[in-house]
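Just the one chain here, the form predicted on its own, laid out as C-alpha cells.
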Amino acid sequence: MGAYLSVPTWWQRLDSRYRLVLGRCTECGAHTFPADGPCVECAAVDAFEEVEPEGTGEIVAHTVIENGAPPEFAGLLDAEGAIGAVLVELDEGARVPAMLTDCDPHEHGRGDRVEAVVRRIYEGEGVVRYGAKFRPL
C-alpha cells in the first residue's frame, strides 16, 4: 500500500491483488509475493510457478496510520479514522504488505492470525481499486 500505481500497472497485477497469487520457486520451493523478480531465498530468476495460497497467515509487523497518509488514502482515513498497515506472513511463507479491515486497527498486531478478503482499496484516476486486505480470525 501507499505508493501510486498507474492504471496499467494496477491491471497488470490483478491476480496478485485479488487472489494473492504467489510464485513458488522451482529451484528451492520458497514462495514469493508478488510472483516476479528473483526468488527471495535462492535468487533464482524466472523460476516461478504460480500458486494460489490459502489466504491465511500471521501479522509480523504492524502500524496504525492516523494522519499523513498518501493522498489516495485520504478518503479512507477520513471515513475510518485510522488505517492498520501490516506485513502478513502467509502460511506458505511469503510476506505480503496490506491493510487491516473489519476491525479496530489499534486492537490487533504482531502474532494475530488473519485471513485475506477482497475490499475497496481506494479510487484513483477514475478507477475504484479493489484488492486483498486482511481481517482478524
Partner chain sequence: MRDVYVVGAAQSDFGAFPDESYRSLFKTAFDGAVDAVDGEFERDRIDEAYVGTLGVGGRQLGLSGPAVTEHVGLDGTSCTRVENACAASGVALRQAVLAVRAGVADVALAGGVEVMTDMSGEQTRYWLGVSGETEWERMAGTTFSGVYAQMASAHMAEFGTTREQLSHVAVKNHGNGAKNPHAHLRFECSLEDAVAGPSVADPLNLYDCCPTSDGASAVIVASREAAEDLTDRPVRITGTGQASGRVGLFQRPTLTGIPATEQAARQAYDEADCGPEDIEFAEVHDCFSIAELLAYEDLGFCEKGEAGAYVERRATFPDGERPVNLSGGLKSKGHPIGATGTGQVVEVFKQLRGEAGDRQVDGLSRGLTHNVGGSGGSVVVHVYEGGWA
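Please read these numbers as outputs of a predicted model, since none were measured by experiment. Residue numbers count along the first chain shown, from 1.
From this point on, the text means the form predicted in complex with its partner chain, which you will not see here.
Under a 4.5 angstroms non-hydrogen atom cutoff, its partner chain in the predicted bound form lacks residue 53 among its neighbouring residues. Of the heavy atoms in residue 32, some are within 4.5 Å of its partner chain in the predicted bound form. In the predicted bound form, its partner chain lies within 4.5 Å of some heavy atom of residue 121.
Taking the partner from elsewhere, residue 104 is found to have every heavy atom lying beyond 4.5 Å of its partner chain in the predicted bound form. Taking a 4.5 Å heavy atom cutoff to its partner chain in the predicted bound form, the contacting residues in 60-92 are 60, 61, 62, 63, 64, 65, 66, 67, 68, 69, 70, 71, 72, 73, 85, 86, 87.
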